[in-house]
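Okay, so we've got the same protein chain twice, two forms, each given alone as structure tokens, structure 1 and structure 2.
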Structure 1
């Protein structure tokens, strides 16, 4: 009997072998759910919410976030895996599979009487040696190596969407990251706007080197398409405003009331006239004939819209704040907060601004910017499920390219790192003294679960594939050998353009060894919180 029973007779507990069995069962259950999703040949899962909403995905992070996991151990592993995705953008499914495999292989050793502490010591040794292998096989990448960056993006995207769409998105995602990159500054992916349009097919998605706003001009007489335009970004109220405090006005006559109304109107009209006069001054001389577009964060009332329409100024009102910042980055210039601040250097420039109507919704495209530091990935699809799936894939693709640039290197994919690390650890285990060598060998065997599952998901015999990979790796004399999913034969992933992120693999090895060790060292699971004392 557990000592906790003396303190709390209602406590629930599981000890020693039973506690370990609970943890291993939970990790294997999670592993079985996710393993069919791994790799470009993985299958999809359909998630149905309580309201009947459907989500189709093979993204491990989305699955773990959307599934209602009640088992405490499975929930712990799921949180670790989703933290991996938050940090690096990939590797969620691999983390779950490796933790499950480590615990499964450790079960036999513990059943034979080996103390879990010896295994965890071996895991720590194996982790350091695996990270050393990772450093040996990495491939240098610079922002100028566009082909290598394309390979990294393609490898990430092909695990999330079908091959044809992955090829289309690969260039869009890579060019988006390269467009927003600034020498010496950290890459900020918030500069890439992801706009969704339920329209046409997924193959019509594209990169817009500018911005797409989800609203249009608010006056029927305003131009719907202008070229070679100045862009004025403003945060100026061009409508009647109520006072900030409750106030009342008392008039002696109707004429006095009319006079106040005219004065209020005149106040706003003067602001509009200042903008119109500014437009006429900048669109003269050498710039004669150029268009002028106003994008305002605050409101523009109908009378002001009419004045702007007569002056030929397309005007958008109530633009989102994030778009205001992106417009300045895409077109140049800066936002003004008062008509007194109007100056030629506050203006941005765009080669083409036009309105696109889709059903009852309107979109404004700002394109052909000279040096855009903010771009838009326009995602199209026939239904909500497709749009959501593509958006998740694009986010992972953007993070993959960013990671490659930040790391300055990439790692051969297709299971190459796992095979190389496994062989290296098997050799290293012979020189480890004591029972810790069993932990090193367990880690080496567990790493092979990823190429095995990749082969299985592609319809190949996993045992036959592993024999081929290990033999080829031995013959190649240290070259990183991976799996060609199309043929089931060994290949050189670096030559085939299959590259993974260095930081993703590094994070997987670190987190997997720590979590597996912690779960193995649990010798008692207690449920003895305050909730168990209710009713007494």
Structure 2
């Protein structure tokens, strides 16, 4: 009996061996679920939400988030994976697999009477050593080296979507990041807008060097396609606004009322007139005949639209806040907050602005910008689940390229790091004194789970492949040897263009050793208090 049950009869608890068993079974359970997702040959999982929406995914993080996990240990691991995804955008499945494997292998040692503390000390030593190996095998990457960046993006994307689509997205994602990159400034991935259009097939997704807005011009008589246009980005209300105080009109005759109707709109009409006058002034002289597009963050009401339509100004209303910044980055210029601030240098320019109608949805494309620092990845797909799947993949791909640029290096993938680290740890274990050695050895063995699962997902014999890899690594004198999934033979991933992010691996090694240690060191799980408010 735990002491807590004396203090609170409703408390739930699990102690000592039982607590450890709960942790281990939970982490192994998650490992089993996610195992089949790892790598380019992993299978898809179908998630059905409470509302019946379908989601297809191979992404470990998406899966963990959607699964609505209720198990305390499992949700702890899921959170680590989520943190991994937030930080790096990749490696979630690997994290879960490694934690599971570490606990699985530790179980035997603990069952034989080893105190978990010794194991965790070993993990700590192993972590340092593994990070040192990571530094040794990394490959420098510069933003100018597009081919290497492509390899990094491809490696990440191939694990999320099918090969042909991955190839297509690789180019798009890499070019998107390169387009928004500015020397000396930190990369801001928010500058890449991801727009979804539900039509055609996934292979029609592409990179648009400009912006795509998911709404169209609001008046049937406005031009739907203009070329060589000035873009005015404004945050000015062009619709009738009620006064803040309670107000009313008193009139004596219908004629007075007619006048009041006009007068109350006068204020807004003047604003519109100012914009129209501004257009006339900039589109004159050398710029005569050029088009002028208004993109407004606030509303534009039918009367104002009518005036603008007559002046030939295509106007978009209620643009999203984030797009306001993006438009300024893509086309140049800046957003104005008042019609008093209208000046020619606030205008952006775009070579082509056109509206695209898809059923009832309208999209506005702003293309052919001179030096776009904000671009759009246009995702197409025949249905919603394809779109979400691609969107998740694209996000991860973008992060992969960003990580590579930020790290300034990449790591050979296809299990190369794990094999190299495992060999080096096995050697290092011999020089570790005391029972911590067992911890180091456990870590070394656990790392091999990734190449093993990669192999078995691709339909190869995992044991055979693992031995082959270790042999090949030994023979080549410590070169980064990885697995060729097509043949099941050893290969050099760096030459084959399979590159992982440095920070992903670093994060995995760090978080896995910490969480595994935490879980092993738990000797009691407690839940005090009532199990339900109704008082069962």
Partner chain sequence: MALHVPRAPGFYSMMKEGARHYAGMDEAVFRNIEACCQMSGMTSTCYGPVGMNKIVINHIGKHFITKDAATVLQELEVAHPAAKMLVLSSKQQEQEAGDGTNLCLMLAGFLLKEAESVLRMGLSPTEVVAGYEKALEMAQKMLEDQVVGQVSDVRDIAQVEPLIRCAVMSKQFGLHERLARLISEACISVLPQGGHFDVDRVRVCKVLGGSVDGSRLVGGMVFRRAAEGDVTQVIPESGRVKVAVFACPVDFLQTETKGTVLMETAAELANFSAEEERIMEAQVRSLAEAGARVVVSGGKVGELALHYLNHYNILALRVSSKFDLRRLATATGAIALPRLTTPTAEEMGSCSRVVTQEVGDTNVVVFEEDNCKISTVLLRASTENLLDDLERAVDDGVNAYKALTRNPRFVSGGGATEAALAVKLAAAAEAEPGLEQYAISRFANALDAVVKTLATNCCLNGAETLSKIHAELAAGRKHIGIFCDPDSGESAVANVSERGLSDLLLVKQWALRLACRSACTVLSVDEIIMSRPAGGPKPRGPGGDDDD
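We call the rigid core whatever largest set of C-alpha positions still superposes within 1.5 Å between the two forms. Positions refer to the first chain, counted from 1. Predicted, not measured: the structure shown is a model, and the values here were computed from it.
ask   = Quick one, which of these two is the form predicted in complex with its partner chain?
value = Looking at both copies of the chain, structure 2 is the one that matches the description.
query = After the core is matched up, is the C-alpha of residue 270 off by 2 Å or more between structures 1 and 2?
reply = Yes, because once the rigid core is superposed, the C-alpha of residue 270 moves 2 Å or more between structures 1 and 2.
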